[in-house]
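Consider the single chain below, provided in structure tokens and representing the form predicted on its own.
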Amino acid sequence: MKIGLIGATGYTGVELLRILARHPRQPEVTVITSREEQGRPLTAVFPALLTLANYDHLIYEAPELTNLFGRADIFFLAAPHGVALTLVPPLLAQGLRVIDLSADFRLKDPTVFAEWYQPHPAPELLSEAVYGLPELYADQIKGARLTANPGCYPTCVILGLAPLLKAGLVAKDSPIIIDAASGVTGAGRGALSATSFCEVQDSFKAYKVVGHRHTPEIEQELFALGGRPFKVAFTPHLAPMNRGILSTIYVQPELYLTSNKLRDIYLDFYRIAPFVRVRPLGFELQTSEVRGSNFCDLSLFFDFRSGLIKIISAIDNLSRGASSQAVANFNLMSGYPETDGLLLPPLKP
């Protein structure tokens, strides 16, 4: 299997290369692109990848379509939002398969996409693209030409809510409240004063408190799970750490549930999901327990005083929230076991 990686200088790009270097099927990375680093060796930009998976020969190229055709069987697009809009249609037209890590093909409704981003130049592909969350869409991913890798916050939140929604246990006319904190790598590798060490270290802040672009993606998938619209109050926060997301989700249940019954619902829903770990009751999650892995850890609490269910969900934003999830989708699209190259313990500490 030959792989092309478009956008190989960001954090998600280098994380993809790190994971693929240990893949048991030994896929061959044949082309990597970057306008900024064009002409430079990969291992000069990322010396940590030296001697891994025959990466030493890879040279960054400009992402010109005529140079990409015939070079790979499947392309990962780890470029900023908007880039895939112009690259994906011609790649598909050449019979190639694509896993897009941006938001360009996650939303199904072109009107909603235009409201939150811009008018979509290939709206017919929005309905074809498969949302790449294996726990929910593994069968569709296997046959997909185009897989839209979920966002990091939506992955964390949707996995936390899916069992409750599927069971119809979320109260009607009650908002779902989500407080989520992410590491600084979620802002990308570019130099920004707002995410510099001096601004972030020893501080904690909410950002994009109203109107974060992951909101319609979350609501779209909650609708698909629960069969009716849900309104979420989603507030992201920036935490002084490199990587990780911890989400605290507050839900008004449709009926009274004991803590044991609540956990049983989750255990049953994820009984064959290799990368979701439902922790024991009362377990206090930490992002350090999933760092560098494809795991999503869940911990459940029933707050008797408020009557609310509290769901704590933890992932690594670069791995499960982007690159390792993309590899899981690659595995499914290639006919491999979903777990290939991903059954690694989290980094500790």
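The first residue of the sequence shown is number 1, and the count goes up from there. Fair warning: this is a prediction, and the values are worked out from it, not measured in the lab.
In what follows, reference is made to the form predicted in complex with a further copy of the same chain, a form of this protein that is not presented.
Among residues of the shown chain, F295 is one whose heavy atoms approach a further copy of the same chain to within 4.5 Å in the predicted bound form. Taking the partner from the other structure, a further copy of the same chain in the predicted bound form has a heavy atom within 4.5 Å of a heavy atom of S306. For Y266, no non-hydrogen atom is located within 4.5 Å of a further copy of the same chain in the predicted bound form, even though that partner is not displayed. When a further copy of the same chain is considered in the predicted bound form, T185 lines it closely, a heavy atom lying within 4.5 Å. Only one of 96-104, 214-222, 162-170, 146-154 places residue heavy atoms within 4.5 angstroms of a further copy of the same chain in the predicted bound form, namely 214-222. For the candidate spot formed by F69, L92 and R271, no residue has a non-hydrogen atom within 4.5 angstroms of a further copy of the same chain in the predicted bound form. Here is the short version: of K261, K231, H81, R228, the single residue with a heavy atom within 4.5 Å of a further copy of the same chain in the predicted bound form is K231.
Contacts with a further copy of the same chain in the predicted bound form, taken as any heavy atom within 4.5 Å, map within 197-219 to F197, C198, E199, V200, Q201, D202, S203, F204, K205, A206, Y207, K208, V209, V210, T215, E219.
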